[in-house]
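So this first bit is one chain, no partners, the form predicted on its own, shown in structure tokens.
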């Protein structure tokens, strides 16, 4: 059994409009996870999984090229305001420990990390020379600090690395964490510590009620590499690890691709659900074409909507800056909104409580030309108002596209006339 805080369960059930016992049952079945380190009290704990609203994650964090902590805190604020349900600190710069502490202190939503990044960017650290126990120590430090979920690349094994020699991929490993671990394993001729010491990883996660997000080190980084032998080999390993974790009372979600063409997205979701026993699926995109740098938030939204429609539970946002640079504030906002649109579109057809109702209400407001109510119901509550103000009509009850030829206004007037004159005989 997985211990669930009663107050957190009550809040999540209220937010989701789903019964508490249903959520409790699904958590213990492994099809729902609750992101909340027991050392943290946060305003917006988050549940991810079957029967719940599709959630959005935003990635922020420093790099060796950027050390502006205040800017990352502004990104955190914008991400939350725009609708992120969780945020990952993916810092790889020299101030990574300091920025994580500040993000945890300022975030009302769950915070995730990739702990191996801290190992790689520590001062005077030669990552390839660190010891196996160091991999566990960084988990303990971050767990004690209050991190709610870890991306742990436990599925990349010596067997999988050996398979890389014969692979015909365009991009062998696109995952930073996966590449770091593969490099360590090759240099040291040792098994991945997150795999060989997985029971000890579970002990840490259970102690702090941390969700393990089992990372897909071998996800495709090009659509031509999608759904290949390497990807499936790792997924099989993750399925075994998820089963072990659940048996030990640890919550797990599974990370997925990546770069995937449209016609393979449904199959990827169904494979994960079958192989990983219905565990929540956290997809990185998917990106449905490699040919649109600068617009990858749109590319990702297309793939994310299809993935969520077929059962993916958690969308990692992609910004317009993907593949090009560290995102700025506007990149973060656009990435969140694009993912929110994808998630909401999928929730309508997944019959998530209140999803369709929102569209019905905004349609009613549109028919009445009730602009303020439309803005309130919009997935981006700010942008519609800004756009309308750039071209205000002479009459407030229409827009400048149709003006007096507004179909809804014409029919409103004609239906009133028809009603006044009575029914035709």
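Each form is matched to the other, and the largest set of C-alpha atoms that superpose within 1.5 Å is called the rigid core. This structure is a prediction, so every number in the text was calculated from the model and none was measured. Numbering follows the first chain given and starts at 1.
What follows is about the form predicted in complex with another copy of the chain, which we do not show.
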query: in the predicted complex, do 104, 146 and 230 all put a heavy atom within 4.5 Å of another copy of the chain?
result: no
field: in the predicted complex, the residue from 245, 205, 342, 316 that sits within 4.5 Å of another copy of the chain by heavy atoms
entry: 342
Partner-contacting position among 128, 236, 348, 329 - heavy atom within 4.5 Å of another copy of the chain in the predicted complex: 348
statement: Only one of 284 to 292, 270 to 278, 208 to 216, 195 to 203 has residues with a heavy atom within 4.5 Å of another copy of the chain in the predicted complex, and that stretch is 284 to 292
message: Under a 4.5 Å heavy atom criterion, is residue 250 part of the interface with another copy of the chain in the predicted complex?
response: no
In the predicted complex, residue 362 touching another copy of the chain (heavy atom, 4.5 Å): yes
field: Close approach of residue 297 to another copy of the chain in the predicted complex, 4.5 Å, heavy atom
entry: yes
field: Contact flag, residue 68 vs another copy of the chain in the predicted complex, heavy atom cut 4.5 Å
entry: no
- request: Note that another copy of the chain is not shown here; using its position in the predicted complex, name the residues of 322 to 345 with a heavy atom within 4.5 Å of it, in sequence order.
  value: 322, 323, 324, 325, 326, 327, 333, 334, 337, 338, 341, 342, 344, 345
- prompt: Superposing on the rigid core, is the CA of residue 416 displaced by 2 Å or more between this form and the one not shown?
  reply: yes
